[in-house]
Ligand SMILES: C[S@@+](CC[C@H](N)C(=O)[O-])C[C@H]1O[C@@H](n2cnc3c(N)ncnc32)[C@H](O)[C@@H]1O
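Taking the form predicted alone, here's one chain by itself in structure tokens.
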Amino acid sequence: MGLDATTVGSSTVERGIRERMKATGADSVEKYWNLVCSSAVELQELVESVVVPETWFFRDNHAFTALGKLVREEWSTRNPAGVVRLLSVPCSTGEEPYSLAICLHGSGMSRFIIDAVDISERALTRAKAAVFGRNSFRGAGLEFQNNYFEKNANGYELTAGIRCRVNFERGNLIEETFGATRQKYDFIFCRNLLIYFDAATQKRAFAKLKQMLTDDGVLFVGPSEGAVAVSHGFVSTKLPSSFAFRKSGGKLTLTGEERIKDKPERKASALSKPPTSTGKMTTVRPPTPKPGIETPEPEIDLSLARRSADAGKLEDATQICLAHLRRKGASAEAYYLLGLVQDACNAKEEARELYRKAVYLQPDHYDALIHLSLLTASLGDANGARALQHRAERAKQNVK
């Protein structure tokens, strides 16, 4: 699958194996291992036991707002008679690709093709049935539910006009042949998956995504994956809170009046250098003011820091966070964002210390726990990573 066991929870994997051993009558791990290696059917059953779908309609709604804007103001201008192509991977039980279809339909767009891919056959079966329970509709802004769904005894059934716009298929993003014969996509949604890959698998995944994306195309990732996208050569579209990126060298613009030159947003600074051998966190120290010269205090808006990090402006994000800490005191979110910056620069020890500070101040900070778990695993502490993953899972459940 490509998933790092420490990020999905080793106990989840172990539980899945035990369940399948019991179901198949395998009385030892070795016997079950041999069965999995020789049976594609059993391997799929094990995958199904490990995958836990977690999605809902219009999850992280800013991404869909950005999609509508980009299609109306940019894509349609360049391709007045064309068909926009979109990919949702992984698509889980269908809420994301159906949200894409509803978004485009609501924007007056009729010429679109949506491919939706997932590794889970069970998830795809549920997606194709297009009948959803209450858990698929969360938060505010649920007006679309009345327009596109009909209530029946089994739940809320999606109208046929939207259901037929999505093509579902099984696949695995990191398989060697995935995407090789596909026509390129204008927009790819690959959200909340990449964070569960180790560094080597992330590299393979981003190579695939670049291969499948048009030169002017846009990749949407999850809120915790923006820094990872930047570190793999993507550039932010600068659309607020959308976590939408284009390939370096692309030509996508953000308004119909101007074209933004595509160039890396990262500035040459100490942040782009590898960590020093001393292990001291020198990369996030503010500059020392020169005598007699007043240095203006940077902004302290952490949402601006997040957008700066999202855009690859790592030095700007750092200065905002440091100014916030000076003026407002200790802040879990500021330390977390500083950790993301160090993470993007591959300064692992510095990043881990910053994530620890964030978790100390806010023990249920899910994103900090997840990133700390990943870093801890990459530094060779599997048990510590596993414990952090469990804490993140509990924090996520408490939010619900």
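Quick note: we count residues from 1 along the sequence shown, nothing fancier. Every value quoted in this text rests on a predicted model; they were computed, and no experiment measured them.
Keep in mind that the form predicted together with this ligand is not shown, yet the notes after this line are about it.
Think of it this way: in the predicted complex, this ligand has a heavy atom of just one of Ile119, Ile102, Ala311, Leu322 within 4.5 Å, and the residue is Ile119.
Between the options Val29, Leu43, Val52, Leu361, the residue in contact with this ligand in the predicted complex by a heavy atom within 4.5 angstroms is Val52.
Partner proximity in the predicted complex, defined as non-hydrogen atoms within 4.5 angstroms of this ligand, places exactly one of 54 to 62, 30 to 38, 327 to 335, 365 to 373 at the interface: 54 to 62. Contact with this ligand in the predicted complex, defined as a heavy atom within 4.5 Å, is made by all three of Glu96, Ile174 and Phe197. Using a 4.5 angstroms threshold between heavy atoms, Thr214 stays clear of this ligand in the predicted complex. Not displayed here, this ligand is approached by Leu193 to within 4.5 Å at the level of heavy atoms in the predicted complex. Taking the partner from the other structure, this ligand in the predicted complex has a heavy atom within 4.5 Å of a heavy atom of Pro90.
Using a 4.5 Å cutoff between non-hydrogen atoms, Met1 counts as a contact of this ligand in the predicted complex. In the predicted complex, no residue of 347 to 366 lies within 4.5 Å of this ligand by any heavy atom.
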